[in-house]
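Have a look below at one chain only, the form predicted on its own, in structure tokens format.
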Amino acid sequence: MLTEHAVLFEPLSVKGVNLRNRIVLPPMVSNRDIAEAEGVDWYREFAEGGVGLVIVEATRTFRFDTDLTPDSLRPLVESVHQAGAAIAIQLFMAPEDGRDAPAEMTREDVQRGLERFARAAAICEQAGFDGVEPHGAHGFLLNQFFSPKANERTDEFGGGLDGRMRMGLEVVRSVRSAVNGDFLVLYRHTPVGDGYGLEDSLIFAQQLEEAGVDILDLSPSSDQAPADRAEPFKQVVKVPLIAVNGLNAHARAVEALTAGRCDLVAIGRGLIADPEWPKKTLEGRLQDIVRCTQCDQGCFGNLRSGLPVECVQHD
């Protein structure tokens, strides 16, 4: 390992969950069934490649207790643990029968959504996951509740900032109430979004921490500096922060950590291009790393086509 990369391999313990390094596989939809061999093999490869934390792709909460059970998910969890990584799974709030905006959801829809998050979290804990991550980012339904433009509700789940924060906070509280205290609750949030900026997000982050969030996953940073949009959160919360965006470039990942802008670096397409990015970096074999060319063919191209995500550089 080159000395300048040592910060990437400092361990981190969060509520007794030990991460062997600061490198995270972020949640990326792979068009694979996570309860089948192809999905298990996909995530095992990243764990064997050396990441510290695997976050499994966005998974709709209504799937739990149907095709996703503790027994069906356990092979995935065990394969990642056996390879030395911790594992969480991102929980996705799906629209209800075409009602795909906050104002279109009935109170029954809202309550059912909260119950599904709680049940999904309980099942994941039984399966052996180290944590779950509600997906409150990127303009999807849960993030829309936080947006003053997307959220047109007039009840306690809309209106001012307190109302716009309520759904995310209730999701966290529901999840926390369904699991043991040492089970990790992550939360993914976009710091600057549709109609809101950092000021609102910083207040939300403080409330999320109070509600029981253990790791805050901030996505994305801007292109100006690595983890730049995560950095302000260091001033208002004590929980570890994950940053993402262009961190497959070693210098950017190291800068993000050494400058104290974040605690963990998530690498997306860079790990799809080479799942052994961490291992090769640790061994000082940077010249052997298959570099992402940002062609977006095998990753985003396949994603849009419904094909299994891969890198076109692979044989």
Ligand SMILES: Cc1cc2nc3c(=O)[nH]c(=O)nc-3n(C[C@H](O)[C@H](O)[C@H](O)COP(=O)(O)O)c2cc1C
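On a predicted model such as this, the values are computed, not experimentally measured, just so you know. Residues carry their position along the shown sequence, with the first being 1.
Below: the form predicted in complex with the named molecule, not depicted.
Non-hydrogen atom contact residue 264 with the named molecule in the model of the complex at 4.5 angstroms:
Residue 264: no, not in contact with the named molecule in the model of the complex.
Residue 28 versus the named molecule, in the model of the complex: is there a non-hydrogen atom within 4.5 Å?
Yes - in the model of the complex, heavy atoms of residue 28 and the named molecule come within 4.5 Å of each other.
Does residue 201 reach the named molecule in the model of the complex, with heavy atoms at most 4.5 Å apart?
Flag for residue 201 set to no.
Does residue 119 make contact with the named molecule in the model of the complex, using a 4.5 Å heavy atom cut-off?
Answer no; every heavy atom of residue 119 is more than 4.5 Å from the named molecule in the model of the complex.
Residues in which of 96-104, 176-184, 241-249, 81-89 have heavy atoms within 4.5 Å of the named molecule in the model of the complex?
In the other structure, the partner sits against 241-249.
Within 4.5 Å of the named molecule in the model of the complex, do 44, 278 and 311 each have at least one heavy atom?
Contact check failed for every one of 44, 278 and 311.
Would you mind picking the one in 112, 234, 138, 74 that has a heavy atom within 4.5 Å of the named molecule in the model of the complex?
When the named molecule is considered in the model of the complex, the option within 4.5 Å is 138.
Just give me the residues of 42-70, first to last, that have a heavy atom within 4.5 Å of the named molecule in the model of the complex.
If the 4.5 Å heavy-atom criterion is applied to the named molecule in the model of the complex, 42-70 yields 57, 58.
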